[in-house]
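Only one chain is given next, in structure tokens, and it is the form predicted alone.
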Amino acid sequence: MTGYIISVLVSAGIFALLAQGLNLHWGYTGLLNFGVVAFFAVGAYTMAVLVSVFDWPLWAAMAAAMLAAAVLGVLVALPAIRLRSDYLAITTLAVGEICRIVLHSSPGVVDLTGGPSGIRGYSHDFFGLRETLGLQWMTGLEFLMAAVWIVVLLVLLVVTVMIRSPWGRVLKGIREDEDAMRALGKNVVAYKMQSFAFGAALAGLAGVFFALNLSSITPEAFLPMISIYAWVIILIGGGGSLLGPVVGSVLFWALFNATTFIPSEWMSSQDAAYLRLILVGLLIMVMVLLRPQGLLGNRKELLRESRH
């Protein structure tokens, strides 16, 4: 039971970071991003390659992973940010798939990432920190859980300060009425790009911890379903809410792993996987019908946004 709880909390923490980045894009700026998995993958692979191939220190590789994801965010935003919301969604979805294909089979890139074979041997420095910090009494998974949630809380603090600053209020204004923000002299495109870059950096950071949790990564670990999970978490917790991604992620992963307790003689592992998706689908339907703004979302803000 303890191992189950720790595993759920690790996944919940990782996806809380990913959903926090998506929340910055959509919840606060109104940008439909269905390719958040691309930034997730770039963060994971940047850290893994720098540590295992170039022997970078872990902390430097993590910083570089966030920077690489942010740079990709800017590159995606440059041509796409001026598109209408539905076209932006299609563009970002395509970027997510392009990123996976490049990691899988692009010449030159495969030499670093291992292509379909993946990459491993990058997590020793992280788990070695247990001895450096005198935390040998913790298991590797417990140490990862503690590290992830410390970062989640730090990110929550930073995002809270940013969203409550004048910069954050401009983002909310853009979400509700772009034309009004332009009339007030705000550079809407610049603010959107800043939001996209910062949200992508958070997704890259989530990818780092995702890679550390797996200990080896392949391109097939970064399917479009990752983006769907992040959206489900936002729908559960509530877009435009600081705690929404955190609460939504914990509830999502608790439900997603609930089939662990079904005896194998009652249901095969394949049937249990189908049941997980059915349970998640039912939860989404309930949320849409009873609380479309999510558990912690603001219904008034949702209604204002739907009018534009």
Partner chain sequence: MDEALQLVADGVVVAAALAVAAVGLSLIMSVLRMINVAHGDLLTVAAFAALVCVNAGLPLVIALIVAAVASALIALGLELSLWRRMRARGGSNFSLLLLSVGLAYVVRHVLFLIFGEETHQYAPPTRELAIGPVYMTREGLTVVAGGAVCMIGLAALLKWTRIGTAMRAMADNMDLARASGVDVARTSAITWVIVGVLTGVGGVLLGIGGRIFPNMGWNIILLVFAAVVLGGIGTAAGAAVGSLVIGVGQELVTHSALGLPPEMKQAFVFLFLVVALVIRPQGLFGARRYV
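Residue numbers count along the first chain shown, from 1. Please read these numbers as outputs of a predicted model, since none were measured by experiment.
Below, we turn to the form predicted together with its partner chain, even though it does not appear here.
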Q) Just one of 87, 149, 127, 167 has a heavy atom within 4.5 angstroms of its partner chain in the model of the complex, so which one? A) 87
Q) Since exactly one of 189, 83, 141, 162 fits, which has a heavy atom within 4.5 Å of its partner chain in the model of the complex? A) 83
Q) Has each of 97, 101 and 277 got a heavy atom lying within 4.5 angstroms of its partner chain in the model of the complex? A) yes
Q.
Using a 4.5 angstroms cut-off on non-hydrogen atoms, would residue 205 count as touching its partner chain in the model of the complex?
A. no
Q: Using a 4.5 Å heavy atom cut-off, state whether residue 198 contacts its partner chain in the model of the complex.
A: no
Q) Quick one: does residue 28 come within 4.5 Å of its partner chain in the model of the complex, counting heavy atoms only? A) no
Q: Give a yes/no on whether residue 71 approaches its partner chain to within 4.5 Å in the model of the complex, heavy atoms considered.
A: no
(Q) Given the stretches 151 to 159, 226 to 234, 117 to 125, 177 to 185, which is the single one in contact with its partner chain in the model of the complex, using a heavy atom cutoff of 4.5 Å? (A) 226 to 234
Q) Looking at its partner chain in the model of the complex, which residues in 7 to 37 have at least one heavy atom within 4.5 Å of it? A) 26, 32, 34
